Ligand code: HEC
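This document opens with one chain alone, in structure tokens, the form predicted on its own.
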């Protein structure tokens, strides 16, 4: 009970404080602001994230607990979570997503069984204190700046990206088991770029941390995430799949990722590891499918267990063998990594049509010629 009171006291402070929206940071941090507006952090709210909105619409629960991470800067956050108020598109604190000010005022993380909670200093006054990972942050007439270890070791990311249980007590996503003091979420998803982080570049810095929050919607990130290898021995194709990421291949339950392997002869496909659906090749497909209490396929909010859970842990690899006899000299074996933001079957059910969501993101490609 004390913990609940503390949480809602924190949320009450947010309600009473002056709201500092992300655009207000543009004056000094124009490059970072422009990057942030293209990111899924900025687009996290119901009003910008089509996938999240469609899933929420399927839920009969009037409480919107997801606001804790998808709309954390909302001035009426506690009322939205309780279900006594609805999110409003015209309220900037509701539509601002995971705002700059919210992220940079997280002082610590509360680790809970069902999900974690970001504790924010929420001091949206004339000169709030902003936290970050710089050892010697710049002073500013807009805000105070302070270094914080939770930004240096990426612990700050675990406030939202750790784990989530639904109302059935079933954990629908989890990356917490693979996060420790050596993890570098920020270094990977927020790579350095040349230049300073301010328009005025006060200290003449040669590089700064970008704020695109690169992920599955980035071709660059998809190409770096998994490495493939091929060989042909004793009439067997040997495919190696190496997960180069610091977390499991599937962390979001709506994703679909797989390796398409084909044999080409004179430009025509004479063999493939699947014909219709990549799920035909379970060893080279990575997917999570939930089931409900009636053993039917379910969306995350109704899930009680797994119908299918095919994954590969961080920094690990596997070998897949295919028996393909009688290949000829000059035949080409080709393997391609493919990622979908949303499994096409789910996208169809939710009537998602935007190219960003429905297109294939092509990762590593490798091929060998039979000699």
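Residue numbers count along the first chain shown, from 1. Model, not experiment: these values are computed from the prediction.
One more form of this protein, predicted in complex with ligand HEC, exists but is not displayed; see below.
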Within 4.5 Å of ligand HEC in the predicted bound form, all of 137, 142 and 214 (non-hydrogen atom): yes
Stretch in contact, per heavy atom within 4.5 angstroms of ligand HEC in the predicted bound form, of 231 to 239, 84 to 92, 247 to 255, 261 to 269: 247 to 255
Contacting member of 298, 77, 288, 157, with respect to ligand HEC in the predicted bound form [4.5 Å, heavy atom]: 157
Work out which of 310, 343, 56, 317 lies within 4.5 Å of ligand HEC in the predicted bound form, going by heavy atoms. 56
Is residue 225 a contact residue for ligand HEC in the predicted bound form, using a 4.5 Å heavy atom cut-off? yes
Considering only heavy atoms, tell me if residue 49 and ligand HEC come within 4.5 Å of each other in the predicted bound form. yes
Partner proximity in the predicted bound form: residue 107 to ligand HEC, non-hydrogen atom cutoff 4.5 Å: no
Within 4.5 Å, heavy atoms only: does residue 197 come near ligand HEC in the predicted bound form? yes
